[in-house]
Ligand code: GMT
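Presented below, as structure tokens, is a lone chain in the form predicted alone.
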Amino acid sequence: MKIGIVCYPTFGGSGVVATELGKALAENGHQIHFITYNQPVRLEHFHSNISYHEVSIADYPLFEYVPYETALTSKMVDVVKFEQLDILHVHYAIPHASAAYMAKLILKQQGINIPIVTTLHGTDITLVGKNPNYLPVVTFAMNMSDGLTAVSNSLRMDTYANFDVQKEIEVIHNFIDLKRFSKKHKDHFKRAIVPNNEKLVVHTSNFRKVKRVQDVIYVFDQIRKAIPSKLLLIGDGPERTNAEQLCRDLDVCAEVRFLGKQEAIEEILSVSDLFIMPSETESFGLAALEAMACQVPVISTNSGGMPELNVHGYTGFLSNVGDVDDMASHAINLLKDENKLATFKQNALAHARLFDLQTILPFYEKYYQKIIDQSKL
């Protein structure tokens, strides 16, 4: 198949999933065309079956806001037409789904029928999409998509609850490339961070308010008082300054390291003992899955799709949003019991294998073919 993939090219979960999906599809012999404004961050190496088409945006003085959606629509029309694509797969509804539908209408006038699959990833539905400024357009674009998928059962239910969607939503879970995300032997790296064999706690996110990074620090403050430990914070974003100030207020700066954005996250996860994800909402929790694949148990909230991923009492523990005392209690009890911790690490890997890329990929291929066949009827 010739597949166009439209996504955000950043470190966010939807862009990572879209890029890794495209790379895996290319390995399976499909021709993949990424359409976005920058080369995706996970698109590191050349592949003969992968092409990248940059969306160029003219900066006219007339425009107070750059008309990205219009430029994206034009680029989709161009790529579909001249690369003879079989299907467009757009990730994150805003603004990709509505732009894709406009491109579909333009191409239809030229005698070209391009089916569209829209994948919902989370905040495009649970947060941004519900905004009255976007809700009518997002609802319309979802209903006009030829195929609609969600990354968790929780997100599927949220979509039906908050939008008048008449389409059937197929759940295809997020995935992990176990060839990349696996425990690496980096003992020398761990000794440099925790020379006295302290426990190593980790969190990674884009540091938005919804991630509740300050809760990570409150939980860690209780952990380090009960057991020698260090905290690694991976990522960056608008809440970093507040997180840094909280570390100073709690006097934990000596035990906390802000590492910023990191490419080789799997190497850091490989030496970690516990992953904390106290998010207000997570449609799936890709960062937690990456940790589990590296044999790191997870302490998380029970919101959104997290219970589908983090099995309470098996791969980690679930707590209510904001209940830092409960999270800290679970974390301390686990870190203090070496045998239990070792068991949870093995359980985390075993459960992560259910989401292996090679297991999930055929679901996408089958779904693409289904939507292509239906579009020919």
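One-based numbering along the sequence shown. Keep in mind that this is a model prediction, so the values were computed, not measured.
Although it is not shown, the form predicted together with the ligand is what the next lines describe.
S.K.: Can any non-hydrogen atom of V17 be found within 4.5 angstroms of the ligand in the model of the complex?
M.R.: Contact with the ligand, yes.
S.K.: Answer yes if any heavy atom of L72 is within 4.5 Å of a heavy atom of the ligand in the model of the complex; otherwise answer no.
M.R.: Because no heavy atom of L72 falls inside 4.5 Å of the ligand in the model of the complex, the answer is no.
S.K.: Within 4.5 Å, heavy atoms only: does G22 come near the ligand in the model of the complex?
M.R.: No, G22 stays farther than 4.5 Å from the ligand in the model of the complex.
S.K.: Even though the partner isn't displayed, in the model of the complex is N174 close enough to the ligand, meaning a heavy atom within 4.5 Å?
M.R.: It does: once the ligand is placed as it appears in the model of the complex, N174 has a heavy atom within 4.5 Å of it.
S.K.: Can you check 77-85, 274-282, 110-118, 97-105 and let me know which stretch has heavy atoms within 4.5 Å of the ligand in the model of the complex?
M.R.: Heavy atoms within 4.5 Å of the ligand in the model of the complex occur in 274-282.
S.K.: Among the candidate residues K230, H89, K211, H203, which is the single one with a non-hydrogen atom no more than 4.5 Å from the ligand in the model of the complex?
M.R.: Contact check passes for K211.
S.K.: Just one of V151, V216, V138, L148 has a heavy atom within 4.5 Å of the ligand in the model of the complex. Which one?
M.R.: That would be V151.
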